[in-house]
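Take a look at this single chain, the form predicted alone, given in structure tokens.
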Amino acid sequence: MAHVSIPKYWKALPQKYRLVAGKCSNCGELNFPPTTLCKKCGQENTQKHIELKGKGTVYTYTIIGRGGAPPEFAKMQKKCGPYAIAIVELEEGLKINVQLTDCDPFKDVNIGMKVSAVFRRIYEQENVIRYGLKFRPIIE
């Protein structure tokens, strides 16, 4: 099982709950999650934390079927069945890896689909329920 300690999980809560990124004051590059070094210019400690809007477009995706889920998601998969994982291009230009929710992965998901972030239960580990953001289709 992929283990994420409780302190490490808590440290990443701003990214998991609010999509907090770092914007480099030197070159303007967005880094998600925020890092000490800017991935573009390499400057240290130049990032100002900003909250991303949580809206974007499915760039590509795959469906995780029976037996393909990481161990921490096996219980959820047994209960809910296959689910989609996507790379979403956010309005700010970043591409992030997300789980899609509130849709049939075989019928509803497509490249170019507009999605938005929603707060959901992710999985349980060490008797602690892990929450975070998933993305769901925007119904227009």
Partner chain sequence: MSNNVGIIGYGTYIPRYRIKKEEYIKTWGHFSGKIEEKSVIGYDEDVITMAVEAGYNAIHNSRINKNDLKLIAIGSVSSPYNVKSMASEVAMALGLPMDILLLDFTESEKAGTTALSTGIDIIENKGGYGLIIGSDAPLATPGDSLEHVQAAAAAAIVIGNNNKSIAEIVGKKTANIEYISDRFKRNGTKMMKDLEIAPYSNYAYNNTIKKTVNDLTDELKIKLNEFDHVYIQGHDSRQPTRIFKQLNKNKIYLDTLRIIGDTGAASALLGLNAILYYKAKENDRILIVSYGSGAGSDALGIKVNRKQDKINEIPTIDQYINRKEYINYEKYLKFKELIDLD
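Remember, it's a predicted structure, so these values are computed and weren't measured experimentally. Residue numbers count along the first chain shown, from 1.
Form predicted together with its partner chain: not shown, discussed below.
*Using heavy atoms only and a 4.5 Å cut-off, determine which of His49, Lys40, Lys75, Lys95 is in contact with its partner chain in the predicted bound form.*
Selected residue: Lys75.
*Spell out, yes or no, whether the shortest heavy atom distance between Cys80 and its partner chain in the predicted bound form is within 4.5 Å.*
Result yes; Cys80 sits at the interface with its partner chain in the predicted bound form.
*Lys55 within 4.5 Å of its partner chain in the predicted bound form, heavy atoms*: Lys55 belongs to the contact set for its partner chain.
_Even though the partner isn't displayed, in the predicted bound form is Glu89 close enough to its partner chain, meaning a heavy atom within 4.5 Å?_
Contact check for Glu89: no, nothing within 4.5 Å of its partner chain in the predicted bound form.
_Non-hydrogen atom contact Thr101 with its partner chain in the predicted bound form at 4.5 angstroms_ = Yes.
*Within 13 to 49, the residues that have a heavy atom no more than 4.5 Å from its partner chain in the predicted bound form*: Leu13, Pro14, Tyr17, Arg18 sit within 4.5 Å of the partner.
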